[in-house]
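Shown next as structure tokens: one chain only, the form predicted alone.
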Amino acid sequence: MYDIIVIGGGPAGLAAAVEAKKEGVDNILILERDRELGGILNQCIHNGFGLHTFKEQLTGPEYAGRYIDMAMDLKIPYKLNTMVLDLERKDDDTKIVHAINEEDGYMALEAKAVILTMGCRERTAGAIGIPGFRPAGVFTAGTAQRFINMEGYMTGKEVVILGSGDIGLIMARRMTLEGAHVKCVAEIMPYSNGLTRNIVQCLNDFDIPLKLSHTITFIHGKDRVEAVDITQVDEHLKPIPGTTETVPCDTLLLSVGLIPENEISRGAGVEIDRRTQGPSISELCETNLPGVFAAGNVVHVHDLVDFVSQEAALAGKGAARYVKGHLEEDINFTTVNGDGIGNVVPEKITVANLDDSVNCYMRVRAVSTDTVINCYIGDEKIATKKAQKFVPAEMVNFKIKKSVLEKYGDGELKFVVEPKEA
């Protein structure tokens, strides 16, 4: 039996395993379905990673490499090309991870604790239902990124991108650097869903148009994409008649959202937060199932991998404490998304498990300036988060001191977007 099994060998899984090992748990196993550790970062060859964690700009593979080196130095074992099929809990609270690979065949691996770090997947053309044919040349942005950066295949020459998520913005630049002509990026919302720095560095610097409040209403072409219809939408996101423009292209890239990968979580009985589409977790990333932890993009889609690693380290610490019998289970606070807030993670907090403070990650519902985010317990404001501007694309990290929470004992932490006080 293992003390901890980590499902997923990307940045979250590696950070969780490393932290658990540092906490004194030795019998750890990482299961990774791909051919190498590192996860999605292996195809992210641009820089901008690691500013928070390592205080320098790294490429995706460099950032992953730092954690892979840590795992190797700590002699944490792993299995590659291993697909996890199922997770179950026995009556004695032992967890069984059902997995398969070519070398070992079917395996039923027992563990005292399990950490879920499976990441997320992209929405596809079928998920958003664009009318038209289904010709070659329609890719998710992440698939195109892997083809170009890892497999050496160029996916097209005349490109339209739907959705202004960070992967789409980065691929607009990448395709341009490889000699393609990116006609435009169409975004159905009246604001971009990517980081401001990516708007500037990936679109503005290359004169690539960003069409806000626009969507694709038809795909032309039977064998290969020949053109797409781009139409303006109203405030209800409905196409406006008479605003359609037909744009010739041979490639359509989709950057229309990410979905946490939670089939295994649901099958095991993990409670899923409908707002994040990921597990509902505690301050140390424990789910509703004792001894089952979750972190990273499987919980909620992050904008920075540094935050993924920070959250996963908490999961590793929580799992280690659980294995040692040092994890408190009594919940003191639950978090609530008030006006202007889309979701808050963690959803529950046990104050005794905090070292110094709790980081509450959240996203606002709309772009706002001259506002703050206030946290209330009952009618009393206990903390405020300030920023020049809040945008849905950028996750807000709201830190609350343990000493503040100890004054109140228990209750609800309600986060609200409110105007700045004069």
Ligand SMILES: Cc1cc2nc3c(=O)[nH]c(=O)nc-3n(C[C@H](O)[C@H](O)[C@H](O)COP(=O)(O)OP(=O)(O)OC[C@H]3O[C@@H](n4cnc5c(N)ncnc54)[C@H](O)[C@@H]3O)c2cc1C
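Every value quoted in this text rests on a predicted model; they were computed, and no experiment measured them. In case it trips you up, residue 1 is the first one in the sequence shown, and so on.
Omitted here: the form predicted together with the ligand. The next part is about that form.
Participant: With a cut-off of 4.5 Å between heavy atoms, is I7 one of the residues that contacts the ligand in the predicted complex?
Facilitator: Result yes; I7 sits at the interface with the ligand in the predicted complex.
Participant: Report yes if any heavy atom of F390 sits within 4.5 Å of a heavy atom of the ligand in the predicted complex; otherwise report no.
Facilitator: No, F390 is distant from the partner.
Participant: Given that the partner is absent here, does P61 sit within 4.5 Å of the ligand in the predicted complex, heavy atoms only?
Facilitator: P61 lies outside the contact set for the ligand.
Participant: With the cut-off set at 4.5 Å between non-hydrogen atoms, does F49 touch the ligand in the predicted complex?
Facilitator: Residue-level check for F49: yes, a contact with the ligand.
Participant: Check for me: heavy atom within 4.5 Å of the ligand in the predicted complex, for each of A12, L31 and C120, yes or no.
Facilitator: Each of the three qualifies.
Participant: I need to confirm a contact call. Of V305, I281, I115, L162, which residue comes within 4.5 Å of the ligand in the predicted complex, counting heavy atoms only?
Facilitator: In short, V305.
Participant: Looking at T231, Q145, T251, S192, which is the one with a non-hydrogen atom within 4.5 Å of the ligand in the predicted complex?
Facilitator: That would be Q145.
Participant: Heavy atoms within 4.5 Å of the ligand in the predicted complex: which stretch among 205-213, 162-170, 266-274, 332-340?
Facilitator: Going by heavy atoms within 4.5 Å, the stretch is 162-170.
Participant: Pick out the residues of 59-92 whose heavy atoms come within 4.5 Å of the ligand in the predicted complex.
Facilitator: Going through 59-92 in order - heavy atoms within 4.5 Å of the ligand in the predicted complex - the hits are T82, M83, V84.
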